[in-house]
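Just one chain follows, in the form predicted on its own, and it is written as structure tokens.
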């Protein structure tokens, strides 16, 4: 045990003691915010930086062209339909001053079809804008043609935007409002974190094994300890690094939540204290405050505990695979033949989680959250929506049981692979070593 503690401490301190660890731990949240903000910013710059497109509107009905209003992106120029006999000739005569031509045919009221002509592919934004504006305009014209007095006013009064709120019952019988969007966003974030961190730390262990094997350091180390101790020490040491990072991020998240709650006058609000009556006025408040209230309505305790347990189980399963497979190669460039199947399994788990977002209680989601190789990622999608206890117990039992079995098999590969040089190992060699 003393040797194992020394290996764990060495692996842990060799990573935590680096400046890059401190920078990455504190900078990772900012990096995620930056990654999410960049597409939004680039889309905004793309819209603002582009030249206004000139669009000719040939309205054969003479009634709907005025509904298309010009803006910063598009300048609509209405032209009477009877003045143009051929759209292509009209486009060519413009000599490049037009980007597209919209033709509203005479039978648009019955067919609902509008044509846009251009030399290039029509942008989705233009298609969406034309569709939405003309659909509302033609609908209004149809209502007016019915000859019923004040029919448009009656339709407007009859229109209701339904605000669907999700209210859950607590074990004590009380009611609390939850946010489906916030739960979905949290599940997606945890799923991505689990996928990235398990892959990142597993690759870290594999690179460490290959480096020690290449430098022949491992030959000296295994003369003082058993190969299983060395592999287990690496797995536990790097795993503690991951848990340390998560603990720091959880503390930062709690601090940010408390500051945000105080800034909006919410204070320390527990999930049970957030009632539908307290959240009923969120619509009348600012958008940011409503978001904060929805975020605080989630019960984070079981989600955080579940996230840590599934991270440990998933990390133990995949990191032991990476350690065992890393011991079978001499150079990092040779590792792809073994790591590709493992990465494909993780990708399948990630895609399964994305596919289960709309229905976290569906059969695919349930089975994928129980299968050990996919449960660490898929269960993160389901946890914010609530999971039956028996499914959690079965999933965690299978995950940790499989992880221990894989660790035992990987150790059998590791003890042979770390002293295997020269001839490249194959999958047949790995199965022979496991036996």
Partner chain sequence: MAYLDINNVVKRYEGHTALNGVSMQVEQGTIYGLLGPNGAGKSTLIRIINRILAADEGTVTLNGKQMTDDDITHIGYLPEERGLYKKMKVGDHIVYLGRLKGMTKADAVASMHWWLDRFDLKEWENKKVENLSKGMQQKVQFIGTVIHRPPLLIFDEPFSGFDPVNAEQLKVEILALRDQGSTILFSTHNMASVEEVCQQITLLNHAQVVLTGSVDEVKQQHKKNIIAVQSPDTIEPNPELFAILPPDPVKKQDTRIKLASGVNVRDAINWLNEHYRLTGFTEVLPSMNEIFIETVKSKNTENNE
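Residue numbers count along the first chain shown, from 1. Everything numeric in this text was worked out from a predicted model, so none of it was measured. Only the largest set of C-alpha atoms that superpose within 1.5 Å between the two forms is called the rigid core.
Missing here is the form predicted in complex with its partner chain; even so, the following discussion is about that form.
- At the 4.5 Å threshold, heavy atoms of residue 142 stay clear of its partner chain in the model of the complex, well away from it.
- When contacts are judged by a 4.5 Å heavy atom cut-off, residue 121 does not count as touching its partner chain in the model of the complex.
- In the model of the complex, its partner chain stays beyond 4.5 Å of every heavy atom belonging to residue 412.
- Proximity of residue 7 to its partner chain in the model of the complex falls within the 4.5 Å heavy atom cutoff.
- Though its partner chain is absent from this view, in the model of the complex it lies within 4.5 Å of a heavy atom of just one residue from 86, 224, 150, 359, which is 224.
- Here is the short version: of 106, 93, 80, 216, the single residue with a heavy atom within 4.5 Å of its partner chain in the model of the complex is 216.
- Only one listed stretch (303-311, 208-216, 320-328, 194-202) carries heavy atoms within 4.5 Å of its partner chain in the model of the complex, and that stretch is 208-216.
- Annotation for 309-330: no interface residues with its partner chain in the model of the complex [heavy atom within 4.5 Å].
- When two forms of a protein are overlaid on their rigid core, residues whose CA moves 2 Å or more are considered shifted, and residue 15 is one of them between the shown form and the other one.
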